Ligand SMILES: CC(C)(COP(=O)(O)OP(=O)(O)OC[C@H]1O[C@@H](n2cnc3c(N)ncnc32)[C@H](O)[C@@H]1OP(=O)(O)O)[C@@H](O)C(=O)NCCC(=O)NCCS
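Listed next as structure tokens is one chain, alone, in the form predicted on its own.
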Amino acid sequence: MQQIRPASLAELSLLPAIEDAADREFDVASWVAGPLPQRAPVHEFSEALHIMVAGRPPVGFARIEAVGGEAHLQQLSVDPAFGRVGIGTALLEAAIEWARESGFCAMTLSTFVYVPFNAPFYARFGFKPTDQLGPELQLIRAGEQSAGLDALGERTVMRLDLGHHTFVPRPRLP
């Protein structure tokens, strides 16, 4: 299992390549109706509230923002060469734990409904679809729509109540 830790400034420039590799899996498996929009530029990673990475050098990351007073999982990506060994699960567990420890009462995210490693994956951790979107989440959804994401497949916003979450993270190996 890869160690999950905060990203260093020097590692931020490595994250777009991980996102690109993960996004190619959507194309290869035909999960969406076309190629995903261009990835986030490096400077956006440096502006994130918190980024956690797996491995040295990183092979996956979770990017967390504050949106409407709640933690928002902006991106979770794992290089497919390191997929299916629990890195995405470990990153999500760590992101949830970080948000809870940071005093957030909920975590939100926006994702594809029918991609198995999107909405169904997050639902296993207690995330539920919501249509109660505050102004900031509405802006995120509008940005996704203008970027063409909704044309690729049905999307949903999901929310996890961190105060009543029954999920218990697995112990991490040193």
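What you see is a predicted model, and the numbers here were worked out from it, not measured in a lab. A residue's number is simply how far along the shown sequence it sits, counting from 1.
Below, we turn to the form predicted together with the ligand, even though it does not appear here.
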* Asked: Hey, of 62-70, 111-119, 135-143, 42-50, which bit sits against the ligand in the model of the complex at 4.5 Å between non-hydrogen atoms?
  -> 111-119
* residue 150: heavy atom within 4.5 Å of the ligand in the model of the complex? -> no
* Asked: Heavy atoms within 4.5 Å of the ligand in the model of the complex: does residue 25 have any?
  -> yes
* Asked: Do residue 76 and the ligand come within 4.5 Å of each other in the model of the complex, heavy atoms counted?
  -> yes
* Should residue 87 be classed as touching the ligand in the model of the complex when contacts are defined as heavy atoms within 4.5 Å? -> yes
* Structure fact -> Near the ligand in the model of the complex, with a heavy atom at 4.5 Å or closer, the residues from 4-18 are none
